[in-house]
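Quick heads-up: it's one chain on its own, the form predicted on its own, in structure tokens.
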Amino acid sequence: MTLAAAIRTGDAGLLPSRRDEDWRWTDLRGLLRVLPDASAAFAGDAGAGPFSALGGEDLVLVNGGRAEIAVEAGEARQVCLRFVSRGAGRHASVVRVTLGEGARLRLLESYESDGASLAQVDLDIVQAGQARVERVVIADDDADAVTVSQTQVRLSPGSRFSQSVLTSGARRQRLETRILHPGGQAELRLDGIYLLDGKRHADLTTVVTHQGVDGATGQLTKGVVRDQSRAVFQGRITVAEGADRTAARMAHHGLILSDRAEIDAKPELEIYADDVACAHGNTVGALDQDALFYALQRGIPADEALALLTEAFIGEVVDRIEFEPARDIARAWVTARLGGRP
């Protein structure tokens, strides 16, 4: 059962369901009894994406397609990769990214839809030694869309991969990242932000497998749910036998701002080596009422005080984005999504 096969054949029975442990909180088969028709080709103007003003190369896939990004050894590139869904059809996209020795890639990625589409993205990234990737993702799907992005990353000794994912959710949305970590001084940062309202759903799932000695992973995810929205965080870090001197930290913190909103969090560590420094933390709760009271006593209106405190809570993750122009766009996106209230 794979989503890609379901989209290719139109068979809803192939969709993942709550019977699949990794999908129990993002049930697609129970949601989609009948799949939409295949998406029509789109010949119009896709418009500008959230990162279009930052320059570099543009790679736009509208209603599916295939593409390759090859960064040669020692080369540095910036690519705005846009996955755009127009209309209510189903489609899949496949992108293969390879980096040579010492290559640099800044991947500014976005998900954009305008209706009840069903979209699946298969993104594969392979890095040679000393290669560097910074991936910044803004997922701004339509409230009726269903989007699944599945990214696989293979690091090499001495390489570095940094990721920041920001999402406002959709009818159903899953942004999944799986990393094969070889150790050997390779470094990994995996961060996420979700800001959900209405009946939107977002699933941030990550799986990191440390396979060799001297590897490092740092992960921080924060989010806010309100109204009837639902967030899912699943993070698993596995340290294989013999992957000694692994340093891995995972943290997830969520705010629930209404009685009908929900956060399902499942952080996991599986450690089969002895000489490691690994930890995870998870908190889900309400906004700090003492901080809110303090702001109100200073004459700040209630809606503005709530928005400011929520933005400060999220800001720690935004500040970890390395590329300053992308960081500024992310900060503006957070402010706009909060809309003056949490």
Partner chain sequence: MAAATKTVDQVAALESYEHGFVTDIDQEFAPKGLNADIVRFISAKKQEPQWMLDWRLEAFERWLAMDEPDWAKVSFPKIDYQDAFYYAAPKAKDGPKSLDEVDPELLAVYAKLGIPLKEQEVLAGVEGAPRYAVDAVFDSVSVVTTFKKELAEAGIIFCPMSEAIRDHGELVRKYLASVVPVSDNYFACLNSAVFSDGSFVYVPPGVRCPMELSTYFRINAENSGQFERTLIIADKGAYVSYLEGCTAPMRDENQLHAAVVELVLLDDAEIKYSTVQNWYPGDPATGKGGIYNFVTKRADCRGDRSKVSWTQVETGSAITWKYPSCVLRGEGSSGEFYSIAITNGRQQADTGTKMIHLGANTRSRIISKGISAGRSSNTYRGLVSAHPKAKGARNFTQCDSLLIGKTCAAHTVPYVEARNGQCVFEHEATTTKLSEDQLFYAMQRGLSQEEAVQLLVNGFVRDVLQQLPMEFAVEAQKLVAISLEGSVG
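As the structure is a prediction and not an experimental result, all values here were calculated from the model. Residue numbers count along the first chain shown, from 1.
There is also a form predicted in complex with the partner chain; it is not shown, and the following applies to it.
Put simply, residue 178 is far from the partner chain in the predicted complex: not one heavy atom of it is within 4.5 Å. Contact check for residue 331: no non-hydrogen atom falls within 4.5 Å of the partner chain in the predicted complex. The closest non-hydrogen atom of residue 267 lies within 4.5 Å of the partner chain in the predicted complex. Looking at residue 70, you'd find every heavy atom of it more than 4.5 angstroms from the partner chain in the predicted complex. Contact with the partner chain in the predicted complex, defined as a heavy atom within 4.5 Å, holds for exactly one of 153, 261, 165, 97, namely 261. The contact residue chosen from 54, 38, 59, 278 relative to the partner chain in the predicted complex is 278, the criterion being a non-hydrogen atom within 4.5 angstroms.
Listed stretches are 78-86, 136-144, 168-176, 268-276; the contact stretch with the partner chain in the predicted complex is 268-276, by a heavy atom cutoff of 4.5 Å. Every residue of the trio 25, 256 and 284 has some heavy atom no more than 4.5 Å from the partner chain in the predicted complex.
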